[in-house]
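The chain below stands alone, shown as structure tokens; this is the form predicted on its own.
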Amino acid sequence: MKRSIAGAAATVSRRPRIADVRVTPIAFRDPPLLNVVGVHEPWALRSIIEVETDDGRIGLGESYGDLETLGNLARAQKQLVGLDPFDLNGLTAKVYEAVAGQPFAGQTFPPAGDKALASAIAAFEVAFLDLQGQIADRPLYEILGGAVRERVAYSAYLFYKFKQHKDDPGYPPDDWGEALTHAQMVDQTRRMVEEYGFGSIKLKAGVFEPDFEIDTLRAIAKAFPGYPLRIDPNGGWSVETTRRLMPKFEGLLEYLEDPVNSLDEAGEVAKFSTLPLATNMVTVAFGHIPKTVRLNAMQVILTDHHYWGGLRATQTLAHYGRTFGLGISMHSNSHLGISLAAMTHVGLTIPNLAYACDTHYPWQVEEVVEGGRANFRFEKGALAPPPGPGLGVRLDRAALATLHKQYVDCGIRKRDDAKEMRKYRPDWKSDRPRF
């Protein structure tokens, strides 16, 4: 018996520990997609996180690539060495100390939110969870409690767009072409549906006069009858503009996303809205939830593990949705496969994921994981995570080196859609509301 106990103790003592943490900034091609602020720059920035254990396993994460995020990740990464990959409270405590300069003591979430802190925790948490899956030889969704569905539904994400980036002849045009008219947007929708099988459709708005954009929606609805539609002007409308437009949405939309630019304004819109209101702009942190509920400002929250604090935080938000009767969907920014795998794993575990999730993935052409984009095969608009333990993806080091060189060479260090738009319109201003 003594040998057995000693053997068990030895086994426990050999549990892997974090030996190294690496953060690599990357840049990948991004089309000239239009939005209320301006237009996407030619290069989107991300960071790739590697958390390596002393037995050679590597957990992966993906986050933002701006200088502020990179600085926060750099402050925390060395503090994680020596942790057990299963010690997520220890991870949280280390990030609190490094990024917020305070001990982690279960503080009340600040009403203003804290995206920097939550984003840093999330970036490393995904990598820790990936390691947990590898160690347990289980897919990540099982580490998170198990699947309640086999695939996660995603939505077509439509953008008005230019044909090519301006003043950059060395940058190849994307094959989606221009989309500035109703007919061109219908063609874009058709390609999305034919190639990916999407069963829901979202239009990024706030670009043109609202009535023009509503006419685009009507053209899409005529071409794709019965498809749930959404519109997202990213806070580009005033309360009064939204009031005027509301009757036009009857029978057209499943929800209206972020018509106005603040939580207080959303509360005003909620008083006359005949539709569920959704957000990824004004309720973006746990500290925002009390006011959101008090004002009845939102009926759908688009979670995003990158800034809500990770995959477990995403599940917690979904529980709050069940508590307060809020629908749950998922927000997207320009991303690669590590993020898409993480989004899909957590999406499998959320019982009340009531709406198809956003993804920019059809707009991207590059990849940083082994096997590339073949890892992600949409069927009828839905996606299963890559098979295998953890996230199910591994890093392609040649691709990582290429994308890191693009980061070094592109010169962009912070996304600035307004600055990019001034190449087309020198007098451009991104003030909101625009309409």
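Heads up: residue numbers just count along the shown sequence, starting at 1. These figures come from a predicted structure and were not determined experimentally.
Although it is not shown, the form predicted together with D-glucarate (GKR) is what the next lines describe.
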Checklist entry - Of these, 220-228, 202-210, 341-349, 71-79, which stretch puts a heavy atom within 4.5 angstroms of D-glucarate (GKR) in the predicted complex? => result 202-210
Checklist entry - Does D-glucarate (GKR) get within 4.5 angstroms of any non-hydrogen atom of Glu125 in the predicted complex? => result no
Item to check | 4.5 Å heavy atom contact, Arg46 and D-glucarate (GKR) in the predicted complex | outcome: no
Next on the checklist: Residue-level contact is defined here as any heavy atom of the residue lying within 4.5 Å of D-glucarate (GKR) in the predicted complex; does His360 satisfy this criterion?
Outcome noted: yes
Checklist entry - Applying a 4.5 Å heavy atom distance criterion, does Gln184 contact D-glucarate (GKR) in the predicted complex? => result no
Checklist entry - Of the residues Gln188, Gln132, Ser332, Thr242, which one places a heavy atom within 4.5 Å of D-glucarate (GKR) in the predicted complex? => result Ser332
Next on the checklist: Suppose contact means any heavy atom within 4.5 Å; which members of 23-52 contact D-glucarate (GKR) in the predicted complex?
Outcome noted: Asn35, His40
